[in-house]
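There is one chain below, alone, in structure tokens, taken in the form predicted on its own.
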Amino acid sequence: MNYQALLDEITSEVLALPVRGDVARYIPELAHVRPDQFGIALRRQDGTTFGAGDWEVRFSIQSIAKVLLLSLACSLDNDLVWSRVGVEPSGDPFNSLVQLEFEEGMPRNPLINAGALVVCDILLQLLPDPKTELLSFVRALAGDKSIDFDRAVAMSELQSGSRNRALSHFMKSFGNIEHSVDEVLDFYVHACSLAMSCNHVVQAFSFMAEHGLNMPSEVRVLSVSQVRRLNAVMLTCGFYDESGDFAFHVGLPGKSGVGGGIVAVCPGRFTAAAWSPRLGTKGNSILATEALRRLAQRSNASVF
């Protein structure tokens, strides 16, 4: 298949669609992003990478980082992670407090905000310098030492993050946050602020399509079993209360972020990422979702 021609075609098509949605404004720094950008990239199993549009522009990956946090935590202490977070879809917005009340501080899954905050708390326990070690982990996966936190975004998110602070305090009251809320939130917002391009994202997530191996280094990131389970969690929980819709229309494990990025994994074939800052009502990029739907359909890519 000529993936470059396909990405070029999809880019032309989605940029011609009527303008819908808006950038994430509840994080003030993200409100300044130019909304009409679009990029898409694809990395095949053999390492060949294709891209179109703004695929080399760096953006705040936001909740896409939750999969990277989870992967790092599982590589260190898999059993501990799954003793403190569940694996069920939430059916609620990504920053909802509703379920934590009757589930006694146990997040429904690690890809909602509450679950990612617990994963951050676990990494604070397991690593002496988690921010530095997360950065090293991501740089090694993507093969680019220039990847860094966008500290302006991190500070903006920290200052406007009353809901995440509330989630953390609520879980701490049940004993599922062990470190100070300030420490957990600082690590969490820095992880979400990682600035990466679509090209970076497809490289970093290649191990999710390669049965746990980061190619071409052949360094094992996770076991085959762990990757299978993380892909399952992405498929069922990666888009919050729109996860079923993405599975229905795209049919691939994936993860979105309110920075406008989406990564999708076709095990054994490719990783793909698309980015466009305008979001729909559920917090997922409208054009990135549509682009990945067209990509999956025309490449006959699905886990089903």
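So that there is no doubt, residue numbering starts at 1 and follows the sequence shown. Bear in mind the structure is a predicted one, so any value in this text is a computation, not a measurement.
One more form of this protein, predicted together with a small molecule, exists but is not displayed; see below.
Student: Please pick, from S63, S276, S243, T271, the one residue with any non-hydrogen atom lying within 4.5 angstroms of the small molecule in the predicted complex.
Tutor: If I apply the 4.5 Å criterion carefully, the residue I get is S63.
Student: Give me the residue from Q203, N164, Q226, S90 that has a heavy atom within 4.5 Å of the small molecule in the predicted complex.
Tutor: The residue in contact is N164.
Student: So in the predicted complex, does I177 come within 4.5 Å of the small molecule, heavy atom to heavy atom?
Tutor: Flag for I177 set to no.
Student: Taking 4.5 angstroms as the cut-off for heavy atoms, does D121 touch the small molecule in the predicted complex?
Tutor: Judged by the heavy-atom cut-off of 4.5 Å, D121 is well away from the small molecule in the predicted complex.
Student: Does any heavy atom of V250 come within 4.5 Å of a heavy atom of the small molecule in the predicted complex?
Tutor: Answer no; every heavy atom of V250 is more than 4.5 Å from the small molecule in the predicted complex.
Student: Is N113 near the small molecule? Define near as a heavy atom within 4.5 Å, in the predicted complex.
Tutor: The answer is yes: N113 has a heavy atom within 4.5 Å of the small molecule.
Student: Taking 4.5 angstroms as the heavy atom distance cut-off, pick the stretch from 186-194, 206-214, 126-134, 101-109 that is near the small molecule in the predicted complex.
Tutor: Of the options, only 186-194 has residues within 4.5 Å of the partner.
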